[in-house]
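As a starting point, one isolated chain is supplied in structure tokens, in the form predicted alone.
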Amino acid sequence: MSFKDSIERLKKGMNLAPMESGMNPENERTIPYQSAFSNFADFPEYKDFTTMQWYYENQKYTKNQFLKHIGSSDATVDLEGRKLINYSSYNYLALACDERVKNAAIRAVETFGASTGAGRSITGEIDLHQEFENTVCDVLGTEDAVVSVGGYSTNAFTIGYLCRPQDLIIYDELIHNSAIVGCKMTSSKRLSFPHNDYETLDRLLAQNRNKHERVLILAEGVYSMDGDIPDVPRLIEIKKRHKALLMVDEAHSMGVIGPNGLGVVDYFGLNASDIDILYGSMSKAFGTCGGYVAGPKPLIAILKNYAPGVLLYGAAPTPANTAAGLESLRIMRAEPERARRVQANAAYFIEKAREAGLNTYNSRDSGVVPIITRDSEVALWLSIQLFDLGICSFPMLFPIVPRDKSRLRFFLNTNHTKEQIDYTIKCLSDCLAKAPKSKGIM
């Protein structure tokens, strides 16, 4: 409203309050009310969920969802009184149930309590945190490291803090959801490249590098759905040529791949300094919870002192989780045969599966093996049949994977036996031979 209009209204004895508060009926914006805006039951996500639940129930596909397991989840698992061969745990090295790891956690609780009582930058720091970080550096050959409370959050918040509006993030299309969420936290330009397509990555960098300041390339050490390993030396060559940063997610590679089971640095015989950021999740081979980032000292100083969610503004890793992770790391280093058994079991699984005509897709040298069904309904049906036969393997369906790449995912464990694998392949082959035709619902 202009000054002249205000004077005119005052002359007429009109109250200016409605105009000043935005309540003038002439200008008030009408809020378009629909229950879908304020009632969770009408949110489209919940409608999708209830539709899927209805389908599951009608097809009797619900009996292996959210079952409580008793005891540890290892190569076998006791699910509500049924002992099954277990391919749905990423406790690759069986360290979650190792007595040394459990006792380390117990001692830490007895010494420090169930919590450190604060964030690490206040009074939540304990010697176990620094000991874990020092050991990670020693194992990987990095200058420094920081351990954080959650694996998913560590990945997301590291990316989310380091990248700014003037930066570019370029990532493999199969990168984990935690990395995608981290990308969305930023205002950076984001580009994806086809899985393991280094020519396209190179071309995208050539076209876009000079338009941005920091450029971050994201890849995984082992892709969690396909079980394949990227050409990390090629990624290093590309990132050096384009003066970019490379971050490798080692959630499923650390503890599993390489002659000593110590991740991509071990697998390719690299210098850790050639990879700018090594991220690891402690919920996989470590058998506990948490996450870490390892790399140059300046990077870790930045994350420790400035990055929300990595160390600042969050709880410290618990004494139990940190102690368990530290003990697991020591065992990984001292007992590389654990990782070698995972690798041998996965190789045997793939060999027998392919002999039986099953599609293991791109899996190699890791602990992750998919069996592709190409149909969501078949994947669900197959999972239930295997459950009835004493085998636990869960289906991966759209939107987690493309519709034509629906699958069962098998995590191989250091304690799986050839007899268990042979039985599993036979059951898979027999069941798929009589699989019903898809109704095209999913």
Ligand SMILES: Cc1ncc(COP(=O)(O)O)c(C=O)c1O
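Each residue number is its position in the shown sequence, starting from 1. No experiment lies behind these values; they were computed from the predicted model shown.
The form predicted together with the named molecule is left out here; the points below concern that form.
Only one of Ser224, Thr360, Ser328, Ser89 lies close to the named molecule in the predicted bound form, with a heavy atom inside 4.5 Å, and it is Ser224. The partner is absent here; in the predicted bound form, the one residue of Pro370, Gly124, Gly309, Gly290 having a heavy atom within 4.5 Å of the named molecule is Gly290. Proximity of Tyr152 to the named molecule in the predicted bound form falls within the 4.5 Å heavy atom cutoff. At the 4.5 Å threshold, heavy atoms of Tyr279 reach the named molecule in the predicted bound form.
None of the heavy atoms of Arg120 is located within 4.5 Å of the named molecule in the predicted bound form. In the predicted bound form, the named molecule sits within 4.5 Å of a heavy atom belonging to His176.
Judged by heavy atoms within 4.5 Å of the named molecule in the predicted bound form, the contact stretch among the candidates 298-306, 341-349, 189-197, 176-184 is 176-184. If you take 219-258 and check each residue for a heavy atom within 4.5 Å of the named molecule in the predicted bound form, you get Glu220, Ser224, Asp249, Ala251, His252, in sequence order.
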